[in-house]
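Quick setup: the structure tokens below cover two forms of a single protein chain, split into structure 1 and structure 2.
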Structure 1
């Protein structure tokens, strides 16, 4: 694609500003079942989207295939789309800015197909042998992907960013006394040759085995620890409260909370697209704005909303570099990236000992239906285990945890040290709360 030719021609056709966004995505996925490869899929997709501003209005056009010979046809469609749009705030394309880019860790080792097949065969055996109660390896696969984003516009912006990942996943079924439960394990693997098959398998089996014999607890108010996986789930589901757009629209619970205490002073939340410990990093967002580290909450006080260029303009501030798309064909939204509750100093085991008795919640279900994003009220199915005399006791299931997230986050007793990014872009450590309402038997 001759990008400069497209930009010049757009100006001739009355499109005052033009942005060309390209994303090259390459994927390879292998699934394994009962001793053999079940599926093998590869793909390479180059997606292009145009964003043009004409007569003070913004138009977007996604192209699956770009042909310079059809430049006029595509730009005419963009121009026509702008013409029929109602007047309103036009997007603002970004000019180039000085920034010091960071490089992601280049320690990914791409395995051959033979190495993948061998690893999955060995892992299937390890999963079956991990526990005598394992009855079936229900799911096993390898997925890897690479992506490169390029953004060029008529203001002279020309930036490039990319990332990659390699993910191993497995599921097992276990059975005891007629009861069947399932467990699952997902892990980012930088070098498949260094994988500890037995350790991976043990974690997948343990996830299932712990559910056997689990039963409800008595309804009541309990001291509670949200284990890091559960805490990550609920925190991830509610990070839209930090969206500058939602705050400006008055539908975020933080709409009037600037520089006020919204959480316990033990809680600090950072958003850092360049975080070296996370799986992926981004030097630029999908508008070409340089990214940076921000403290959204500092010692419990709400300090910073997340913005893209449009929301920043409306709120009379500057973009925070959080203008990301869901895909090349989608519009720019506001999304956190590498957002986390900063860890504390105590391990999960230490927090359990300090708590003495209570519950550890390890899994939450129903996050789409059981959360109110405006009030942060929640009522969620959950499972975990009882803590007795500071030690892990029997497993608990078929229970519901309910409350208000903002209120809950003001009752933090301790923040754990066990923050792990794994394959997430939003993460939280285990957190101990004074009490939480549990509905059981």
Structure 2
């Protein structure tokens, strides 16, 4: 693609500014089933998206086949789009900005196909041997990906960013007395040769075995601890409340909440795309804006919304460097990147002791549907275990937990110390709450 030719031609056709975003992603994945390779997937995909500004309005177009000879056709689509947009609502393309880039830790060791096969074979055996109740290794796979993003625009911006990851995942089925349950484990693995197979297998099996014999508890209001995995999943699902776009549109529950207490004063939330402890980092967002660390919530008080260039302009502020796309083909949206509830002092065990009796929720299901993003009302299938005299008691399943997230976050008793990024971009430690409605028997 002759990018400068596209930019020049766009200007001739009345598209005053043009941005060309390219993403090249490469993936390799091997899955394993019953003693041999089940599937192997390899791919290389290049996606290009154009963002143009014509007559003070913005237009987007994504292409997978870029043909310089068909430049005019593509640019005409941008013009047609600009014509249906309201006036005075243009995105601003970014000019180059000074920033000191952070180097991501590059200690990923890429295994050969033989090494992957050997590791998966051993891991399958370890999973089968992890517990006598394991009846099947239902899923086992290795996936690695690399992506490079480049952003070039008519203001002279030319930045490049990228990332990579290697993920190992496994699922097991366990059975006892005719009851079948499943367990799952995902881990980011920098060097497959250094993996502790037995420990990985034990965690996958443990996840399933705990659910055996798990039964509903009586419906009622319980003191609860959302264990970090459950806390991470509900917090992740609701971080769109911080979107400057949704706030500006009046559909975020934080629409009138600037500088007010929205959570308990025990809660501080940071978004840090350059966080060295997280799985991946970004020096720039998908508009080429340099990223930076900021506190979204400080001791319970809502301090900062997340912005891309457009939402910042509408709300008369500056971009926070959170203008990320959902994929190369989508328009620039707003997404947190390495966003976390900062950890507290106590371990999960200490919080259980303090709570005395109640419930620990370890897993939440149905987050894509059981949440109201306008009100933060939720009603979700969950599982976990009962706490009695501060100790882990029987396992609980087929229960629902329901409430309002904003209300719940005002009743924080303690924030745990167990924050772990694992493979997530949004993470939370375990949190103990005064009480929550549980529906079971």
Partner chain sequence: MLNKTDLARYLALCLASEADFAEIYEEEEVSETVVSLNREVQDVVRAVKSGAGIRLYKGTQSVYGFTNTLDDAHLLPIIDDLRSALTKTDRTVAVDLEEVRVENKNPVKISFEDVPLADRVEFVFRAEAAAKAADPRIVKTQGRGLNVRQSVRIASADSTGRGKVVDDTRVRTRLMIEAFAAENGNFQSGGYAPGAGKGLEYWEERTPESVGEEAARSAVVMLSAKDCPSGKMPVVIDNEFGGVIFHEACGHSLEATGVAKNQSVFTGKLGQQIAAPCVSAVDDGTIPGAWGSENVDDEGNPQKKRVLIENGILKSYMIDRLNGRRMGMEPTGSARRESYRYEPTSRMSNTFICVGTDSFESLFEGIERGLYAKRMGGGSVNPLTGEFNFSVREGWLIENGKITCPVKGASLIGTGQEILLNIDKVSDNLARGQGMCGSSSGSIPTDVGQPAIRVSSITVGGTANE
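All of these numbers come straight from a predicted model, not from anything done at the bench. Only the largest set of C-alpha atoms that superpose within 1.5 Å between the two forms is called the rigid core. Positions refer to the first chain, counted from 1.
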Practice problem: Structure 1 or 2, which would you say is the form predicted on its own? | Solution: 1
Practice problem: Determine whether the C-alpha of residue 70 shifts by 2 Å or more between structure 1 and structure 2 once the rigid core is superposed. | Solution: yes
Quiz item: Is residue 424 one of the residues whose C-alpha moves 2 Å or more between structure 1 and structure 2 after the core fit?
Solution: no
